[in-house]
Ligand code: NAP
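Just one chain is shown here, as structure tokens, and it is the form predicted alone.
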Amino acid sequence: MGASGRVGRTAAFCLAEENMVSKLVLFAREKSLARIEGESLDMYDAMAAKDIRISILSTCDIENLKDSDIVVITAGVPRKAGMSRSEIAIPNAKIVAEYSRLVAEYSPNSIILVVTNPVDVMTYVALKASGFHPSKVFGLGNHLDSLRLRNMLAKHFNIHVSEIHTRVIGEHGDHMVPLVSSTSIGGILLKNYALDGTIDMEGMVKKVINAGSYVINKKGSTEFGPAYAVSNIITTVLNDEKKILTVSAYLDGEIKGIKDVCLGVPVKLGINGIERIIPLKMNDNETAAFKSAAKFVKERTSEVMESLK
């Protein structure tokens, strides 16, 4: 949903290219129908080159969402240069709430993946508007932030990215929390690996926080990173891979007693969505930062939910 936007159409292309889905529905409002019809034709040509058979339907008719396995909501006001994710919260909440209610009506057994920013707040909106179980509604959260940090560490140490094991939790925004204390390289804790002291972890974290803004200032939007992160999550679910990914999930006391807020946390993902929220061991600084993120997101969420009333 929101397939006419940059992230939506690129995520759709990634899913088609992964050869993971037999049917892909590109949904947009009527005024954008011609655009997504063009996108589907372009995708068909690309899939022919890769010998991939897939059905791609472009539509503005909500009936075509019936019996979906997963619905990805990317619709919303795009973030522009100089804008924070919070600035677009209220207009996007109205869109996400409307779409989530429609998903619940037409695909009551589906899983909802929220990509619209600010994603932690929008995940909460989608959860409440749909009435789904919390295991069935989650957001892109810090999965992309975690990938960005992995990439930076891999470049710094000139090591294959698969050897970097790290995680960012909390808010997808200024209040994100990198779990430096448990970061490892090839199974060796970072504090034992980086003995020469050349790594500026604080500076690297600032780069992760500002990565989206940096790309937006350069090219006008982010699309490839978020799109492949979305495809990564959906592939994990459809393949029932039981991977632990950091998505925005509803907390009910599982981590540090924090309740009634959606935050980026590590979860075990499978065919039925979130199977388990993984408890975390954090140092004192990380714990304080995580609680601060929860407080911030909870306040923003309350403001947005009040506006929806």
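In this text, residue numbers run from 1 along the sequence as written. As the structure is a prediction and not an experimental result, all values here were calculated from the model.
This next part talks about the form predicted together with the named molecule, which is not shown.
- You can rule out all but one of 129-137, 155-163, 70-78, 202-210: in the model of the complex, only 70-78 has residues with a heavy atom within 4.5 Å of the named molecule.
- Though the partner is left out of this view, residue 226 does reach within 4.5 Å of the named molecule in the model of the complex, counting heavy atoms only.
- Contact between residue 40 and the named molecule in the model of the complex is not found at the 4.5 Å heavy atom cutoff.
- Heavy atoms of residue 281 never reach within 4.5 Å of the named molecule in the model of the complex, leaving it off the interface.
- Taking non-hydrogen atoms only, residue 95 approaches the named molecule to within 4.5 angstroms in the model of the complex.
- The three residues 8, 115 and 141 all sit with a heavy atom within 4.5 Å of the named molecule in the model of the complex.
- If you take 274-309 and check each residue for a heavy atom within 4.5 Å of the named molecule in the model of the complex, you get nothing at all.
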